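Presented below, as structure tokens, is a lone chain in the form predicted on its own.
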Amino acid sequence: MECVFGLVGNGFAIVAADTSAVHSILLHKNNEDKIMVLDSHKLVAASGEPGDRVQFTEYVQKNVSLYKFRNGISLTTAAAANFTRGELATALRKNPYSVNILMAGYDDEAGASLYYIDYIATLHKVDKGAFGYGSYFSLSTMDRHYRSDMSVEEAIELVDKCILEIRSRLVVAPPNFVIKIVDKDGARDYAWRQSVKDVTTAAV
């Protein structure tokens, strides 16, 4: 029951993801961070099979770092998104990854941007996007309330509305979410929305 969504505002992009690590009917943990800081001004929010999600996002992160190390300049968000799409397309005909990605970034010339990349290597630049069962509620909520000139405070309020809809309407809703933001000051954590703490079971 994964939920990943994001949007672009006035000079920034925000992505949010649930923090549940689930297998079958089992919940393993409530604090799994599914949003990776790709570099100083890029974020990757991913959903999909846990092994594919972790392995592929780390692979992209290391290759983006390698490019900067070799060439002395960072990839733009568009270039990183196209690289990611190319790797998914190559793997699709060999050993496909079951992973869906929202890539958010900020570039000096282009400003903030958000890219939608799914498991069959579809790439789109979007103003708002979502993956998982939560997308049924977050997309409709964003369709109703989203504006391209939103401030950070307004965007966070909209993200909270999406989280509230998911928690109240999805049958098996994830309790906790992490929110991250990227703007001219860089990519960073913004907040965690927790309704359930991760409790360690005492040994019997």
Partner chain sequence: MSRRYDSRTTIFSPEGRLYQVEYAMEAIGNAGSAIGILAKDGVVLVGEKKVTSKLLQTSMSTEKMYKIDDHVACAVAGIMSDANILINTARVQAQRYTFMYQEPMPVEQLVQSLCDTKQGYTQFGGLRPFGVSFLFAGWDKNHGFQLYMSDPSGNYGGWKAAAVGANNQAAQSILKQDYKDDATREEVVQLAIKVLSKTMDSTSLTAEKLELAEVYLTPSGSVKYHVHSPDSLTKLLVKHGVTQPAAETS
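Positions refer to the first chain, counted from 1. In this text, all values refer to a predicted model and were calculated from it rather than measured experimentally.
If you look for the form predicted together with its partner chain, you will not find it shown, but the lines that follow are about it.
Problem set entry | Among 139-147, 66-74, 23-31, 171-179, the region lying within 4.5 Å of its partner chain in the predicted complex by heavy atom distance | Contact-bearing stretch, as computed: 66-74.
Exercise. At the 4.5 Å heavy atom threshold, is A79 in contact with its partner chain in the predicted complex?
Worked result: Yes, contact at 4.5 Å.
For this session: Give, in sequence order, every residue of 108-147 that has a heavy atom within 4.5 Å of its partner chain in the predicted complex, or say none if there are no such residues.
Result: Read in sequence order, the lone residue that approaches its partner chain (within 4.5 Å, in the predicted complex) is E109.
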